[in-house]
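Taking the form predicted alone, here's one chain by itself in structure tokens.
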């Protein structure tokens, strides 16, 4: 069932990921980086996660990282694309990120790498994840942010406008740090943290960049995308504009913003901020200074 307000054509996304599945390992540098970062964060958490879920598992790269980082008793790899989930190790489930088939309070850890930004109902998906976690369970995910492929977006828009007199969206927009932080809070996660990493990669040409995106199975799947094929004149002009604006020596640069989301399922054992006015000592005393109201000038004799 589809809804009129859906942003992404997820059936098309699944088909493109299926086509990319056989050779994804040759184009998974961004996924590998996200998996390494998630694994490193988990290794710094001194607790066990017996039952782990990897949502949007791709070909299992993050799942393999989890096995090394936290050594779960049960690892579940969830992926909508059958040719990809077939490459995963552990318990495998074909499931849509928007319709997760997991019981409440059944998971200790939920992770995801570069999958949830393609979800149409991300607030609903995050609520399902929070519900599936046991109290004090952890959610840790890497998603693409709004600065991803900002150069390609700018260049294709300019080339389309010059050649065709108009431009449809050819690069999908993604949410920013503030948006993702608000979504974690709305979903009911405790201690939410969101941070961003802008990764710059160089390619021989804009065409090589676009070929790599297609090989990742991550080409534009916006429902409102331009249905017109990219004309040769438009592509040639786009390459020219790209090189003039975003050259990196003999190559061109491309940006990928990876935003990491962290949240815990609420539990009584977690730390909570103190209520306003409940402090038992004054900050001025701790700093060894005099307390004064806003706008009051300091008395030099009391320094």
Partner chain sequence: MTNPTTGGKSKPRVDPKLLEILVCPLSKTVLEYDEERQELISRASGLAYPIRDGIPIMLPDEARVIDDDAKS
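Remember, it's a predicted structure, so these values are computed and weren't measured experimentally. Numbering follows the first chain given and starts at 1.
The following text describes the form predicted in complex with its partner chain, which does not appear among the structures shown.
Visitor: Though only this chain appears here, would residue 162 touch its partner chain in the predicted complex if you measure heavy atom gaps against 4.5 Å?
Guide: Although its partner chain is absent here, residue 162 would stay clear of it in the predicted complex, with no heavy atoms inside 4.5 Å.
Visitor: Using heavy atoms and a 4.5 Å limit, would one call residue 118 a contact residue for its partner chain in the predicted complex?
Guide: Flag for residue 118 set to no.
Visitor: Is residue 73 near its partner chain? Define near as a heavy atom within 4.5 Å, in the predicted complex.
Guide: Although its partner chain is absent here, residue 73 would touch it in the predicted complex, with heavy atoms inside 4.5 Å.
Visitor: Should residue 144 be counted as a contact of its partner chain in the predicted complex, where contact means heavy atoms within 4.5 Å?
Guide: Because no heavy atom of residue 144 falls inside 4.5 Å of its partner chain in the predicted complex, the answer is no.
Visitor: Counting only heavy atoms and a 4.5 Å cut-off, does its partner chain in the predicted complex sit next to every one of 177, 192 and 199?
Guide: Contact check failed for every one of 177, 192 and 199.
Visitor: Going by heavy atoms within 4.5 Å, which of 180 to 188, 199 to 207, 81 to 89, 153 to 161 lines up against its partner chain in the predicted complex?
Guide: Answer to the contact question: 81 to 89.
Visitor: Considering non-hydrogen atoms and a 4.5 Å limit, which listed residue (95, 122, 130, 114) is close to its partner chain in the predicted complex?
Guide: Among 95, 122, 130, 114, a heavy atom within 4.5 Å of its partner chain in the predicted complex occurs only for 95.
Visitor: Using a 4.5 Å cut on heavy atoms, which of 149, 126, 107, 140 is close to its partner chain in the predicted complex?
Guide: Residue within 4.5 Å of the partner: 107.
Visitor: Would you give me the residues of 97 to 130 that have any heavy atom within 4.5 Å of its partner chain in the predicted complex, in order from first to last?
Guide: Read in sequence order, the residues that approach its partner chain (within 4.5 Å, in the predicted complex) are 99, 100, 101, 102, 103, 106, 107, 128.
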